[in-house]
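First, one chain by itself: the form predicted alone, in structure tokens.
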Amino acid sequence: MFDDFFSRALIAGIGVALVAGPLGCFIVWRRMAYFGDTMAHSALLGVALALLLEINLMIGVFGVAVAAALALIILQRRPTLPVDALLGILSHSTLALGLVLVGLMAWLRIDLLSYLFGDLLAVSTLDIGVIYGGGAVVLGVLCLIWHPLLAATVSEELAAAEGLKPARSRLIFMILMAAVIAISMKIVGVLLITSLLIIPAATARRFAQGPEQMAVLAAGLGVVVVVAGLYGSLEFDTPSGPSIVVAALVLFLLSLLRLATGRPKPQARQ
């Protein structure tokens, strides 16, 4: 029989995987991996500000991640720099600001590694409630904007011509990403969040026959890597967050090996 902390870790990790999978599909389709990293790195600044202002950590992380997304949208309207340069500036500057601010708060004892790489085994019952409650809201909103967001992923011009308001869908999607980063920070940490979003979705893309099937498969694969990573962490006494990411990497490599040795399967047109 497992200890309570491990059971809570499994339940929380599965909840995050179920939400991260479908959302990660759009990150893969829209080639937004670097954008996801930027929002994830800004989470540490959110942690620092939350500790400084004595507010809930998830609220602080969510607020800063949304602010980073809005800042990118505003900067994109003034094309003085390429998008990748803007992402690099936002990503590294927010991470550095967070580290500096944490370092200046000498009166606080902070386990910085737990924020950077996650501390899934310290998840509480309240955290599980937030993960599943927030995850249900995220998935519900994603279902509502699924069609316009998917249409904009294929062609923003056609989506706009059909009156689907792609800019609004993209903004809502960014807010959903910020919410997922906030609720999953404790699971894999700010440096590894994007990997949990991307790797299961990238693996699912090799087998899915359509967008909806890929979203479901990505969620299922996310659950598999969370369970495998946690059991590996328990067996080999390794950090839980990195262990989950390694399990995701192993599954992705196995999918490459299977397709290399087997008959190629048709990919969905995304």
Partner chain sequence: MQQIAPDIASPAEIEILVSGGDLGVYRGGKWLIRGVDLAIRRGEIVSLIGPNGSGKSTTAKVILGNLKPDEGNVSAVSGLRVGYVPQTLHINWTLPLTVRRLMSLTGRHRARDIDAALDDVGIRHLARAEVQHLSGGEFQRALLTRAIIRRPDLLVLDEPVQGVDFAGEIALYELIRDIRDRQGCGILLISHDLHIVMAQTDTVICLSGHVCCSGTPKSVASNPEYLRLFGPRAADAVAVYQHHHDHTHLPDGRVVPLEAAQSEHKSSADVPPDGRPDV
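Not measured: the values here are computed from a predicted model. Numbering follows the first chain given and starts at 1.
Not on display, but discussed next: the form predicted together with its partner chain.
Quiz item: its partner chain isn't shown here, but in the predicted complex, which of 236 to 244, 209 to 217, 41 to 49, 65 to 73 has heavy atoms within 4.5 Å of it?
Solution: Selected range: 209 to 217.
Quiz item: Of the options 154, 97, 89, 167, which one has a non-hydrogen atom that comes within 4.5 Å of its partner chain in the predicted complex?
Solution: The residue from 154, 97, 89, 167 that makes the contact is 154.
Quiz item: So which of 172, 150, 81, 128 reaches within 4.5 angstroms of its partner chain in the predicted complex, heavy atom to heavy atom?
Solution: Contact check passes for 150.
Self-check item: Exercise: residue 28 in contact with its partner chain in the predicted complex, heavy atom 4.5 Å
Solution: Yes, residue 28 sits close enough to its partner chain in the predicted complex that at least one of its heavy atoms falls within 4.5 Å.
Quiz item: Could you tell me if residue 132 has a non-hydrogen atom within 4.5 Å of its partner chain in the predicted complex?
Solution: Contact check for residue 132: no, nothing within 4.5 Å of its partner chain in the predicted complex.
Exercise. Please run the contact check for residue 136 against its partner chain in the predicted complex: heavy atoms, 4.5 angstroms, yes or no?
Key: Flag for residue 136 set to no.
Exercise. Decide whether residue 122 counts as a contact residue for its partner chain in the predicted complex under a heavy atom distance cut-off of 4.5 Å.
Key: Because no heavy atom of residue 122 falls inside 4.5 Å of its partner chain in the predicted complex, the answer is no.
Quiz item: Within 155 to 190, which residues come within 4.5 Å of its partner chain in the predicted complex, counting heavy atoms only?
Solution: Residues within 4.5 Å: 155, 157, 158, 160, 161, 162, 164.
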